[in-house]
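Take a look at this single chain, the form predicted on its own, given in C-alpha cells.
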C-alpha cells in the first residue's frame, strides 16, 4: 500500500471514493454533496474522482444532499456523503429517515461547534445531537483511523444482518486539516474487502413499491424492534469486519473500545477522538512514575459498548469521563451513557464528568493532570466539571 502524507479530509475523501468505485460491477455509486467548513475538501475530492459507474450530484443544501443519497441507496447504489455542524442540523430530518429506511449510507462528519455564536473549531455536539437516530457512530483519533473506519463502516452497514447507516467522525482541523503519514489502500484491495452491494429492499423499475407509507402502531413497533435487534448484532459483526480488514489490508482498524494500561488501573480516563492522544501520553508518564492510571478510548458510540467498557474498567475505583460535548442541563453525553452502562452492574465505582475542549478549546497535558488530581481527591461524584471558562486556560471550575 502506498504511504502518503495527507490530511484527514483527504483520507476520508479517498476512502469514500474507492469504496464507491468498488461497487462498479453492481449498481454503482451515487451521492449528494454540499460544502461546509471544515469538511468541504472531502466532497471536493469525491467530486473529482473518476467513478466508472455512477455520479456525484452537487445540490443546493445539506438536506438535499442526504435526499439524493437516500434516493441512490434506495435504488441499490452504494451511497455516501459528508457534512458538519449546522449542515448536519439542516440535514437532520433526512438523517433520521435514512436510518428508519434501513439504508446503509456512510457519512463522514467533521465535528465542529454548532452555532450561534459561529465557531468552526472542534466540538462533538453536532453528531451527538443525532445520538437517538438509527445510525452507527464511530469517533476517530487519527487520519489512518478515519480512512480505515470509513471502509469498515461500509462493510458493516451493508451486512444483511445490520443494514443501518453509519457515521465516521473526526475532530475539526485537529484531524481534518492536519497532514500525517497514512496508508492509502489500492483499489484492488478495496474491491476484495467490499463485496457488491445487494440491498434486499431496493426499488426495481419494473415493480411498484412504496417506502415510508402509513403504518399501524403494531407495525411501527415491530420495525423499531427490528432496529434494536440489528443494533445488538453490531458488536459481533464489527469484529468479523475487523478481522476481514486485517486479512485484506494487513492492518488492524481497531476495536470498538481501545485500552491503554487498564489491566490494574485504579484511576481510568475515558475519552474519544484526539483527546485520547494527549491522555495516552500523560498516562504513559504517570505509569513510568509508578501510578496505576489507565485510558479507555471509545471508538464506537452507537451502539454503546457498555459491556466492553465495564470489562475494561473492572479494576478501577474511580473513572473520569472527558467530554468534548455538552447536553444542556445534563452534562457530557459520553458520561451519561457511561453511567447508564454501569448502573445495576457496578455501583462501587465513582464516575466523574469533565467537560473539556468544547468549542475548540485546547486539551493540554496540564488539563489532564488537573483532572487526575481532582479525581484522586474525590470521595463522591459531583456535577460536571467545566474547564477553562474564565480565561481560556484549562482550570477546574
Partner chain sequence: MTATAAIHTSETCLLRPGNTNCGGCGMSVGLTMLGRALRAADETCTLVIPACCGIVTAGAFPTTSYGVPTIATTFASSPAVASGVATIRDLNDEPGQVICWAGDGGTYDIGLATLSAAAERDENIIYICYDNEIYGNTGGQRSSATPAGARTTTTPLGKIEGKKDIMSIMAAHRIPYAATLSIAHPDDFAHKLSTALSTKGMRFLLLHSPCPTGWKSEPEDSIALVRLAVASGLFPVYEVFNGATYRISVKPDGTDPAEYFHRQRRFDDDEIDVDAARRACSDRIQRLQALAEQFPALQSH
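Numbering follows the first chain given and starts at 1. Please read these numbers as outputs of a predicted model, since none were measured by experiment.
This next part talks about the form predicted together with its partner chain, which is not shown.
Although its partner chain is omitted here, in the model of the complex all of 60, 97 and 205 have a heavy atom within 4.5 Å of it.
Comment: 61-69 is the region of 38-46, 360-368, 61-69, 347-355 lying near its partner chain in the model of the complex, near meaning a non-hydrogen atom within 4.5 Å. Taking the partner from elsewhere, residue 225 is found to have every heavy atom lying beyond 4.5 Å of its partner chain in the model of the complex.
Interface membership of residue 181, defined by any non-hydrogen atom within 4.5 Å of its partner chain in the model of the complex, is ruled out. A residue is said to contact a partner when one of its heavy atoms sits within 4.5 Å of a partner heavy atom; residue 290 fails this definition for its partner chain in the model of the complex, lying far away. Although the partner is absent here, residue 249 is not a contact residue: none of its heavy atoms lies within 4.5 angstroms of its partner chain in the model of the complex. Among the residues 231, 114, 74, 237, the one placing a heavy atom within 4.5 Å of its partner chain in the model of the complex is 74. Exactly one listed residue, out of 327, 89, 211, 163, brings a non-hydrogen atom to within 4.5 Å of its partner chain in the model of the complex: 211.
Using a 4.5 Å cut-off on any heavy atom, the residues of 24-61 that reach its partner chain in the model of the complex are, in sequence order, 26, 27, 29, 30, 53, 54, 55, 57, 58, 59, 60.
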